[in-house]
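Before any questions on binding or motion, here is one chain by itself as structure tokens, the form predicted on its own.
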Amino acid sequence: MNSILENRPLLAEQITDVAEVAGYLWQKGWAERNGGNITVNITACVDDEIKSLKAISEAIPVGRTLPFLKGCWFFCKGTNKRMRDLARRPMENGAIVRITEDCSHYEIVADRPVKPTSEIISHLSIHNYLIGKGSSYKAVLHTHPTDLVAMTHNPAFLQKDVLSYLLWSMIPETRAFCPRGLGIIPYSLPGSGELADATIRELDEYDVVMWEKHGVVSVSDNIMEAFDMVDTLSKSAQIYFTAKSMGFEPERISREQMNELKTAFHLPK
């Protein structure tokens, strides 16, 4: 069977990047079993021939109407699919879907009838929000970084911006490369509309948000940048844990030094 990626280098590049990031997530231990999800808005790569393809699934309800997704196409990791398999065979463990005219259903178009992630309502709601606000962001990543999830088991870290300042204070790159910090969402049922809505509210202020005791959601222009922000925050968490395991409280970069970074690099917040 021919793949939809054949003779479409721009689309193939998008899927190759997804596969590469999926491999990183598995290698880091952030994607146990089928944990984590990736969706990428690929609408800009869709040509007229793709638009004319017949669906290979019935119209599947999203669970809500998302008006800004009209005419949009996405690559989605499949539900119950493993990141390590997505890394090796992305078109067997993910699917390309299009949003139907009513903006409340999607259809699988290629390559196989792999049903998308169980977090599809959160992912598509986030994409709808991003398009609605005129954002250039096209990638949504959900993963389970061990160190960051562990920190959400401490109530002291769940207050607004406590983790942002702690992680910024471990190494200058975190302040520079994750300038909007880390939002916190109290525990909510995975895959629920409530979780989707809470995530959207936090994304108004942050590019990376923690689902308490669950995982991280990151949004960016592309999947590599979404991964890089989580990777950078995780490095700060590792520095913090390493210092604590050596028996001392890390000295931290001061607020004055962080403000210096903010001014030098024209950072928000």
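From 1 onward, residues are counted along the sequence shown. Since this is a predicted model, take the numbers as computed values, not measurements.
Below, we turn to the form predicted together with 1,3-dihydroxyacetonephosphate, even though it does not appear here.
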Fill in the blank from the handout: Here the chain appears without its partner; judged in the predicted complex, the stretch of 67-75, 117-125, 171-179, 157-165 with heavy atoms within 4.5 Å of 1,3-dihydroxyacetonephosphate is 117-125
Exercise for the section: With heavy atoms only and a cut-off of 4.5 Å, decide whether residue 218 touches 1,3-dihydroxyacetonephosphate in the predicted complex. Expected result: no
Problem - 1,3-dihydroxyacetonephosphate contact in the predicted complex: residue 214, any heavy atom under 4.5 Å - result: yes
Handout entry: is_contact(residue 138, 1,3-dihydroxyacetonephosphate) in the predicted complex, heavy atom dist at most 4.5 Å
Key = no
Handout entry: Close approach of residue 192 to 1,3-dihydroxyacetonephosphate in the predicted complex, 4.5 Å, heavy atom
Key = no
Problem - Sole residue of 41, 232, 34, 222 within 4.5 Å of 1,3-dihydroxyacetonephosphate in the predicted complex, by heavy atom - result: 34
Completion exercise
Contacts from 63-84 to 1,3-dihydroxyacetonephosphate in the predicted complex (any heavy atom within 4.5 Å), listed N to C, are 77, 78, 79, 80, 81
